[in-house]
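Below, in structure tokens: the form predicted on its own, a single chain.
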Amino acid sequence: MSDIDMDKTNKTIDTVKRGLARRYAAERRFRLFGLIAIVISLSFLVLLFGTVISKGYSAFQQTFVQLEVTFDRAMIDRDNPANSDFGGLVKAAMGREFPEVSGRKDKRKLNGLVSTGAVYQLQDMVSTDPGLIGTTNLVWVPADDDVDMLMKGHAKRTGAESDRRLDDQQLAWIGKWEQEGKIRKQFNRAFFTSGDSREPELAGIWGAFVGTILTLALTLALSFPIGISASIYLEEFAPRNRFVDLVEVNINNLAAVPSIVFGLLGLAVFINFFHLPRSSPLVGGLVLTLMTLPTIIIASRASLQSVPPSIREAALGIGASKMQMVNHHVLPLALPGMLTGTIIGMARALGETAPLLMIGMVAFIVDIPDSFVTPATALPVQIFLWADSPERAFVERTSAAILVLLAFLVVMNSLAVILRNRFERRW
């Protein structure tokens, strides 16, 4: 090789090295940008979860006050406890606790330290055990939400009275309870076992949770078989013509339609036309079925398309009919993806609020729903209602309900992973 050729070769190698160095530098920058993006995303996620947890964990505890309650026979109707004066029993117990308090205004402030739920608690105790009538017992009753916020550190003890929910006299009464060990925080069972309430200390998520379960159960019962059947027909049996193409285009478009449009559809068709009961899980399930069907159909078709054509050809080659080929060979292989798509669609339905607002599931409902046609609300709607409430105690219950909803979503996504691993087949 001549010197001229050697120089050209060396120049070419130098040019390649310089270009290679630039490409490596660009790759390192791209990796750095990707890492920074991931760190920022995780930071926002940690900030979000940290904020929700810090505001909501205290809702899992509730402040209770110990009262010495005398179940006076003269104030209790044994045959019909609902007609008894249990409020008078609570006031009498508070009067014995602080005998020095006199005057209507001071007594009103004193009695306001105990939740109105104490009346219903005493009523339930007598209904369960009538033998309590005529006896005196120490009973832990729920405190008012202002007292609860004070004990949890969310309310101020110092500063001007005009800036505090509780005045100095009420703080002195609470301080006496603290010294005597008659006030404490306990696990808030009512949050998980009660329905909604105007009083924050009595409000719970059980009614909304049951409404969510009923709504999602109906949604799953309708959307899964219809969505799977539609996807199998469109992918395996439907002829290729303009009508089928139009159906496919509309299914893809429906997947991008805002959820509130489905709520308007449910309001116009299911309630105004078919006159189905408003605010019921039945209508909510039908609306969410329409909303989740496109997602399930698209995911199921993608799962069917992922099955190798050789599976179909081999099944048909050994004499199987097209139906047998689909049922015995293609469907079992596509089932994991179908289940995953269904769970994702259900998870989306779980977090929806707008369509449920349109069909009246935003109503204030205290009773626990016991059927698909009784008025109910859903957990996302309950969170929406509590977030709009001005009381500080509802702020922590809103965050706690969000934690429960997130836990439910984690369980559903974990179920999707388990089902996928359980039914997945490799070839």
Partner chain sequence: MFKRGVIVAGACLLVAMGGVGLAQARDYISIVGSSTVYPFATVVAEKFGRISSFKTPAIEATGSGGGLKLFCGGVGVQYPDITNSSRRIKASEVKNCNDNGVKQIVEIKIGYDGIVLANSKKTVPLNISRKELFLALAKNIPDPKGSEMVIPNPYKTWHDINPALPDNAIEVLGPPPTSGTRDAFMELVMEDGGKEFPWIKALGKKDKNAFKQICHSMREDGAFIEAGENDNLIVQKLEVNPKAFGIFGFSYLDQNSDKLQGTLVDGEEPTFEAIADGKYPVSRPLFFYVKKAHVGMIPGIKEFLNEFTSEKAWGDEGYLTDKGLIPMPKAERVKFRNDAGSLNNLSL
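Keep in mind that this is a model prediction, so the values were computed, not measured. Residue numbers count along the first chain shown, from 1.
This protein has a second form, the form predicted in complex with its partner chain, left out of what is shown; the following refers to that one.
request  = Would you mind picking the one in 268, 323, 314, 246 that has a heavy atom within 4.5 Å of its partner chain in the model of the complex?
outcome  = If I apply the 4.5 Å criterion carefully, the residue I get is 323.
request  = Sort through 335, 132, 344, 350 and report the residue having a heavy atom within 4.5 Å of its partner chain in the model of the complex.
outcome  = Contact residue from the list: 335.
task = Could you tell me which of 71-79, 305-313, 172-180, 191-199 sits within 4.5 Å of its partner chain in the model of the complex, going by non-hydrogen atoms?
result = This holds for exactly one stretch, 191-199.
ask   = Is residue 111 close to its partner chain in the model of the complex, meaning a heavy atom pair under 4.5 Å apart or at it?
value = Close contact is absent here: in the model of the complex, residue 111 is far from its partner chain, nothing within 4.5 Å, heavy atoms only.
ask   = With a 4.5 Å heavy atom cut-off, would you call residue 276 a contact of its partner chain in the model of the complex?
value = Heavy-atom contact with its partner chain at 4.5 Å: present for residue 276.
ask   = Heavy atom to heavy atom, is residue 327 within 4.5 Å of its partner chain in the model of the complex?
value = Flag for residue 327 set to yes.
Residue 65 within 4.5 Å of its partner chain in the model of the complex, heavy atoms = No.
inquiry  = Does its partner chain, in the model of the complex, lie within 4.5 angstroms of each residue among 57, 409 and 416, using heavy atoms as the measure?
reply    = So, no: the whole triplet misses its partner chain.
request  = Just give me the residues of 118-132, first to last, that have a heavy atom within 4.5 Å of its partner chain in the model of the complex.
outcome  = Residues within 4.5 Å: 120, 123.
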